[in-house]
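Take a look at this single chain, the form predicted alone, given in C-alpha cells.
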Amino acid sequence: MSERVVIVGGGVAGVSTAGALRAGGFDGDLTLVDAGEFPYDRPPLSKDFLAGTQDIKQIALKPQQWYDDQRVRLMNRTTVSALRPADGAVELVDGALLPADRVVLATGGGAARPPIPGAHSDRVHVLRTAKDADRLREALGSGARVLVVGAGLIGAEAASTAVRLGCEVVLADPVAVPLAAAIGAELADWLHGLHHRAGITTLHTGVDGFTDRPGGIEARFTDAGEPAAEPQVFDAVLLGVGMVPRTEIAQSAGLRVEGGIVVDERQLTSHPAVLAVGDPARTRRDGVLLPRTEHWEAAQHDGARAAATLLGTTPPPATAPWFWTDRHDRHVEAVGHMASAELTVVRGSYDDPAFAVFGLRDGHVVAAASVDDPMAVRAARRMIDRQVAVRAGPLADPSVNLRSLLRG
C-alpha cells in the first residue's frame, strides 16, 4: 500500500489515526497537519496545566522522536484551508497544494460562545487551547473573584483548579444536577456538592449578560429561583459551556454535515476519499444519526477504526463508552449509559474513601461510575462488553471480588 494520507488536525484522534496506521503496516506517505507547535493533550488544560504545575512540553501527546520513528511528517503551525479530493490534494492556508490520496479530518472543535450580551469582553475567557489556559491562568491570582459558567466537566475542573489557586469562585449552571444522565442523579448530586465543601459558591441559574465595570465585569443572572443570583462583579469569567465542532472545511468541500461531519461506522464521510474522526465526527447507523461523542478515548477508537478502513482490515470491536474527570482531589470514572439503567446499586458508601455505583437493567450491568475506584469501572466495562448476568447483592458487597462476577 503506497497511498498518501494526510491527517488534518493533531489532537488525540489525529495522532491515534497516525499511530494505528503505522502499527497496521501502512508504508505510504503519512502527513499530520497541525496548527500548533506540536500536538498536545487537552484534559490537563483545566487541571495541572492551568495550575502551572505542567508546561506545554509535559502534555505533548508524543515526543518529537515518535514522529521521526513512525515516519510521520509533522507540519506544524499551519492549517488546511480546503479539500481538493478530485485533485488528490489538500490546499494549505498559504495556497500550497499537499498531495493526498486519502484525507482524515481530525479538526476537533472550538469553545462554544453563546450569544450572551457582553460575552466578548476581554475579561470573559474560554478554555479549549493551551493559549486559552495561559491567558486564563494570568487572571487566577490569589484572591481573584472568578465566575465559571457551566458546571460540566470543563467548568467543574477549572473551578476546582481556581479555588486551589486561592480564587473566590462562583459556579453557575441552569441545570440543578450536572452530569446526572451520565453518572446517575445521586452520584451527580454528591459530586456537585464537592464544590460547596471546597468553598465554591454554586448557583442554579444561567447568565443573561455581562457589562465591563471599572476594575471588573458585572454578570447578570437569569435567576432560576436562586436567591443569591443578584448581579455581581468579578475579576474574570470562564465560559465552560461546551464546544462547537469544526466542520467548515467539510462543508466547503460539499461533505454531508448535520451537527457534525456525518460518517458511517467505518469513519467514512459522504466522499469515499475523506474520513472524519474525533469531536467533529457524527456517526450514522442504520439510518439514524447518533449524538457526537466528545471524550478522549472515543477519539482514540475513531482513529483505530479509520486506520482499519484505510488498511482494509477489520476494525477493533466496539466497547462501552468511558470517560473520566478529576476535581477537588477526587478521581471519577464512568462507563456505559447510566440513563438506560432501571436500578442502581452502590458498592460501599458515599462516605467511604472510594466507592462505585452500578446501573443494571434486566439483570445485566449497563453502566458504572466510581470515585477513586477505577478497578470497579474496569470490571464493569468487561461485564457490559461480555453481557455478563449479575445480581445486585454481590455487586453491592465490597468484600466480593468483582472479577469473580465476570464468570457469571
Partner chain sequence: MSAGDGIRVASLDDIPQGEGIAVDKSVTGTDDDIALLRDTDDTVYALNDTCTHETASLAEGWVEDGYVECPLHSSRFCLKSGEVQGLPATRDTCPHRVEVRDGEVYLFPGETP
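Positions refer to the first chain, counted from 1. Owing to the predicted nature of the structure, the values given are computational and were not obtained by experimental measurement.
Just so it is clear, the following notes concern the form predicted together with its partner chain, a form of the same protein that is not shown.
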TODO: Just one of 325-333, 158-166, 143-151, 177-185 has residues with a heavy atom within 4.5 Å of its partner chain in the predicted complex, so point it out.
DONE: 325-333
Open item on the list: For the three residues Ala35, Phe38 and Thr309, which mark the spot I'm curious about, does each lie within 4.5 Å of its partner chain in the predicted complex through at least one heavy atom?
Closed with: no
Task: Heavy atom of Arg386 within 4.5 Å of its partner chain in the predicted complex - done: yes
- [ ] Evaluate Pro63 for contact with its partner chain in the predicted complex, applying a 4.5 angstroms cut-off between non-hydrogen atoms, and reply yes or no.
- [x] yes
Task: is_contact(Pro374, its partner chain) in the predicted complex, heavy atom dist at most 4.5 Å - done: yes
- [ ] Answer yes if any heavy atom of His364 is within 4.5 Å of a heavy atom of its partner chain in the predicted complex; otherwise answer no.
- [x] no
